[in-house]
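First, one chain by itself: the form predicted on its own, in structure tokens.
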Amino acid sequence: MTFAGSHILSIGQFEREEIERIFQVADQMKPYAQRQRITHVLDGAILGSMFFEPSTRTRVSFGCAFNLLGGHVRETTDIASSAIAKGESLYDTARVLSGYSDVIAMRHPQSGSVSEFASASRVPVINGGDGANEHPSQALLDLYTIKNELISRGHEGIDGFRIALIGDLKFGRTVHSLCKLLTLFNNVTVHLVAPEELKMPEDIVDQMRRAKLTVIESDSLEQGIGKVDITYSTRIQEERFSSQEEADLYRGRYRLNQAIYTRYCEPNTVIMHPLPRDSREGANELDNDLNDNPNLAIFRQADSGVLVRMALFVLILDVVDQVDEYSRKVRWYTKSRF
């Protein structure tokens, strides 16, 4: 694909070489994300941040990424406070707001809604999550984290690694996008750990198997995490269930704590989670007693979101080669955040 001026709506848009290009550019963004330097390459540019569903990391990291490149952010964070609540269509909203922005990051509770919006937009649109469908930038930052964690442990790269995806695989859009992304790599083994009612959709499983990935499905946490390089837990997507009572049937089903990790995981198995982790009593898919485990990568994972989203912005707005030209050192005290 050509990055300049393109929408980012689905992992299906990318080939492997384009993923590697995004990761290369993300690496180049580290001095700016770590506050070693400042760039104003996007001075005057406006990000329309349209999040019609609750979000912390995705919304804020998109905004931070744009600010760190010198751009400005205008936010809409609730359907009730937008003209959509008055009956305005996505088409009309897109036509209007794309006139106010240079790029738009959008989250919406309905599958396919971001693509519908993008079809009417006059500027590039990045999908920040559309219902239970996809979350492409999350999958990119997840894989970027996986690559860095594997390399730090002596692996040559992503090919040949083993991962366990655990929890709500039916409604979890982050794991849907990540599985599609993994089909671009070789000799990958994927353990899918979920109750029967929350299994990974069959079309995604079939896609992985057609790509020659080894896919092992199980409802046993202990069996699934025994021989992997990465464990990737997800919370129960209770907002996708018909009732809270139904969602509560599965909360806390696959709880990973330090005792289980020590007993069943290989040494240095990386622990990941797209966040937020549900720390309420009865859930705790990642127990707080893992916080001091050096293999807990969830906060490094969140940090990667800024780097990857910075990379997407400079590629889409076609300023990759100008970032350093419009940079300088910071004036205030700072320290590395990575």
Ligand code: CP
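Heads up: residue numbers just count along the shown sequence, starting at 1. In this text, all values refer to a predicted model and were calculated from it rather than measured experimentally.
If you look for the form predicted together with ligand CP, you will not find it shown, but the lines that follow are about it.
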Report summary line: With the partner omitted here, the residue among S49, T58, T39, T269 that in the model of the complex has a heavy atom within 4.5 Å of ligand CP is T58
**Report entry** Heavy atom within 4.5 Å of ligand CP in the model of the complex - the one residue of L296, A45, L275, C64 that qualifies
**Finding:** L275
**Report entry** Listed range touching ligand CP, judged in the model of the complex by heavy atoms within 4.5 Å, from 221 to 229, 135 to 143, 95 to 103, 193 to 201
**Finding:** 135 to 143
Requested in this report: Tell me, yes or no, whether R107 is in contact with ligand CP in the model of the complex, where a contact means a heavy atom of each within 4.5 Å.
Outcome: yes
